[in-house]
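Before any questions on how it binds or moves, here is one chain, the form predicted alone, in structure tokens.
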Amino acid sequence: MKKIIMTGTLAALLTFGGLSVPALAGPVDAVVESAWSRASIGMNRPGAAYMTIRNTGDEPVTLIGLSTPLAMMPEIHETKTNAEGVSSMSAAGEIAIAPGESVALEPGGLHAMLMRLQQPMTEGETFPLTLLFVDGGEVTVEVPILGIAARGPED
């Protein structure tokens, strides 16, 4: 009984403690910080994830895609607003990050669009999101799912 309780406590500490720890890249020099997402209403509409990706290396890194078991079509999208105030979203393509620079994936700009959800995004849960880089490197981060009205990782 004591082992089970300790294992549960350790799992809880690793789960909640890991949410604030940046994900470090293997072969690429990218660090993912402040990842978060909002709960979804069912599975008919896409979800989104947000984070900051920092290049800590001496060479540029290029983000070329995403992977997650949560969605069949995860892509980096960009929201743009034209002169008339009409917003639209489209695939952003490759994202190059210069040495020492960072790219913010945030509401109203670049973001991880999670299309064709395989299950609802439920507040309080997490999901793995893998960032794919041009050199074959990958960074996987556990993304916490916040409330449907969340406006940032602090909510």
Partner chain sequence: MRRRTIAGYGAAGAGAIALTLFVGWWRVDGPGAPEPIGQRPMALTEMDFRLTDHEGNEVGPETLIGRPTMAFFGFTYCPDVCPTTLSDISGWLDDLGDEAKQLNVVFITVDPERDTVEAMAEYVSYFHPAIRGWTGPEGQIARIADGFRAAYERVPTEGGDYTMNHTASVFLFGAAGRFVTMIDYHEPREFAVPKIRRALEEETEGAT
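Numbering follows the first chain given and starts at 1. These numbers were taken from a predicted model, which means no experiment stands behind them.
Just so you know, the form predicted together with the partner chain exists too; it's not on screen, but the next bit is about it.
- In the model of the complex, no residue of the candidate spot (Thr62, Gly93 and Phe133) has a heavy atom lying within 4.5 Å of the partner chain.
- Among residues of the shown chain, Met73 is one whose heavy atoms approach the partner chain to within 4.5 Å in the model of the complex.
- Although the partner is absent here, Ala104 lies well away from the partner chain in the model of the complex, with no heavy atom inside 4.5 Å.
- With a 4.5 Å cutoff on heavy atoms, Met113 counts as touching the partner chain in the model of the complex.
- Interface residue remark: Pro69 is not counted as part of the site for the partner chain in the model of the complex, having no heavy atom within 4.5 Å.
- Per the 4.5 Å heavy atom criterion, the partner chain in the model of the complex is contacted by stretch 35-43, the sole one of 54-62, 125-133, 94-102, 35-43.
- Counting a residue when any of its non-hydrogen atoms is within 4.5 Å of the partner chain in the model of the complex, the hits in 121-155 run Ile148, Ala149, Ala150, Arg151.
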